[in-house]
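Here you get one chain, nothing else, as structure tokens; it is the form predicted alone.
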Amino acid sequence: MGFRLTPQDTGFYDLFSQSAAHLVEGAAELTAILGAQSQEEREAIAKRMDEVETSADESTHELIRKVNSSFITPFDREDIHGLASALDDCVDHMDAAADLVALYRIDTFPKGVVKQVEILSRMAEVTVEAMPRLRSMKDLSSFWIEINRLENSADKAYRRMLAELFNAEGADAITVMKHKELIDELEAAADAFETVAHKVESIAVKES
């Protein structure tokens, strides 16, 4: 990392960690909604997920406000904005998935959905663990390598679920539509985590 003549505002690192913590909360609610036993429970979990998404939005806005009000930033302002938005996108897609479960009253899930949510939970954990390392920009390569590995697993699971969904004999068209929307959102969430990893990798390369 290049030598700096001016001090950095280290509060950004805490805000990134705070923002990433919402990913774990969101993944936990997504896991919970898969195990819900009633429509009322699903709706309650979806409401909690909405609250997580609102908190994530607030964290993103706080980061952007700090960028706009700070004379010195730890790295490029555009990169801070991009990483903050990418983290928020992960929560948005998990929130959308939980919302679909409640709105569509989905009480049975395609084979593979549980595995997909387990992958998202692991992605969230790995991302939270990586955020404090932005401070030193060290030991981050293991983060994006693991996220890429997990995203590849998510892609394979997604393709398998699609194939099984469309190849099922006698499947109800409405149910197929509902299930496809759900697994599309889970895939979008996995892609969003990979975008976070790409943003971190780009920042690390610039700052090294």
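Counting begins at 1, following the sequence as shown. Owing to the predicted nature of the structure, the values given are computational and were not obtained by experimental measurement.
Not on display, but discussed next: the form predicted together with another copy of the chain.
For a residue to qualify, one of its non-hydrogen atoms must sit within 4.5 Å of another copy of the chain in the predicted bound form; all three of Arg159, Asn167 and Lys178 qualify. Exactly one listed residue, out of Ile64, Ala171, Ala44, Ala32, brings a non-hydrogen atom to within 4.5 Å of another copy of the chain in the predicted bound form: Ala171. Residue heavy atoms within 4.5 Å of another copy of the chain in the predicted bound form occur in exactly one stretch of 97-105, 111-119, 125-133, 82-90, and that stretch is 97-105.
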